[in-house]
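As structure tokens, one chain now follows by itself in the form predicted alone.
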Amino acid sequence: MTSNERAATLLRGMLRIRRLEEKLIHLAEDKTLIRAHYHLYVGQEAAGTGACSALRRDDLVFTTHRNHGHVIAKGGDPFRVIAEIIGRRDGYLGGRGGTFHVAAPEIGIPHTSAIVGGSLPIAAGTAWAAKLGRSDRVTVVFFGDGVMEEGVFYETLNIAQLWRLPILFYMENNSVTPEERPGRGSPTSSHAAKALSDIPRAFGIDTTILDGTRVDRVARAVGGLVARLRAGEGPLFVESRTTRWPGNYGSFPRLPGGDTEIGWAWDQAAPVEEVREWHAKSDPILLWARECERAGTLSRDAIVTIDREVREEIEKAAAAALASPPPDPRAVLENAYA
């Protein structure tokens, strides 16, 4: 893959997540389609896209309540993701899992959990299975900084290090400012540790700090870490730093400046004031678009074309999901255990 093709692939991957998440906000305006609280991955697209670009199809990914982006980044079908979220039969789980549990075993995502830290011990179990089977398959478990306040985090970290498991703990810290992202310490107001990255290091686990808004840096770093895991050097830990998107504050996601316009990459004064600084300094998609044009890997016209194609793809996926029937009520007890 040439550098131009690589640049386009990473941009397209991030845009597929962004446009799907924005579409969900519009769908949620119909109160019958998404009836409860839901979480989005807007602003963290570079982390999931870059990390998953370094994985094979048989590598396993475990994720969280912000799972839509990880499923798309691992190769998920936007139609089946949206269908699952709005409870339709063609969703990945037949409409039973909903927004918090969009698992897709066929692409290496066997489980998601809305429970804080709930996926960590299961992820460690799959890494242990790979080690026992002498497989070079790796497991990546994504989680937020809040998980580091949970007991299960420490138990899993401890056993992973004792057993030298082929697992990458990928912590997405979305609570830092743009100025803090490149720094060495990770300030936190809800944890006694001076820096969150000090915690895995206390267990003797090699820890990497990444600017989670820079998709190329994430892809390159995780590629190296995955190679080390396949060579038996696990476990490893990443702290990926992003700045929370303003639309993610409050009880429900919203679009304070409307759908992202790709032209904002060059017209930084265009977004409304509430989101202007975030789009200028922290939006991974616009940062990558500017970088690609500056480096000459993608022209402005090529970037606009990719965005248009992705918008059309997501619109078609949403229309197909809306046309998908709801689950058959007679199947309510299927896959249920009593």
Partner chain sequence: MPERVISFAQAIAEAVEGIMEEDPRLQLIGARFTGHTKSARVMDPIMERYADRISWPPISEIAYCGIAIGAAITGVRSVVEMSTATFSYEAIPQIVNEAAIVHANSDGRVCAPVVFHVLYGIRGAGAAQHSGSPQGWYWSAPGLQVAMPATPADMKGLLRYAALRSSGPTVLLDHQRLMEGFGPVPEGPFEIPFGQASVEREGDDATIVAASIQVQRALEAADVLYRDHGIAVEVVNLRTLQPLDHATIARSVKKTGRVVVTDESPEDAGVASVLAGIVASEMFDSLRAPVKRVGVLPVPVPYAKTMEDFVTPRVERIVAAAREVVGR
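Residue numbers count along the first chain shown, from 1. The model shown is predicted, which means the values in this text are computed figures rather than measured ones.
What comes next is about the form predicted in complex with the partner chain, which is not displayed.
So, in the predicted bound form, is Y92 in contact with the partner chain at a 4.5 angstroms heavy atom limit?
-> Flag for Y92 set to yes.
Report whether the minimum heavy atom distance between M171 and the partner chain in the predicted bound form is within 4.5 Å.
-> It does not: once the partner chain is placed as it appears in the predicted bound form, M171 has no heavy atom within 4.5 Å of it.
With the cut-off set at 4.5 Å between non-hydrogen atoms, does N158 touch the partner chain in the predicted bound form?
-> Output for N158 is yes: heavy atoms within 4.5 Å of the partner chain.
Would E106 count as touching the partner chain in the predicted bound form under a 4.5 Å heavy atom rule?
-> Looking in the predicted bound form, residue contacts with the partner chain include E106, since a heavy atom lies within 4.5 Å.
Would you kindly say which of A227, A193, I205, V152 lies with a heavy atom within 4.5 Å of the partner chain in the predicted bound form?
-> That would be V152.
Candidate from V275, V310, L60, L40 lying within 4.5 Å of the partner chain in the predicted bound form - any heavy atom | By the 4.5 Å heavy-atom cutoff, the listed residue in contact is L60.
Location of the partner chain contact in the predicted bound form, chosen stretch of 141-149, 239-247, 215-223, 126-134 [non-hydrogen atom, 4.5 Å] = Partner-contacting stretch among the options: 126-134.
Candidate spot I115, I122 and N335, all three in 4.5 Å heavy atom range of the partner chain in the predicted bound form?
-> Yes, the whole candidate spot contacts the partner chain.
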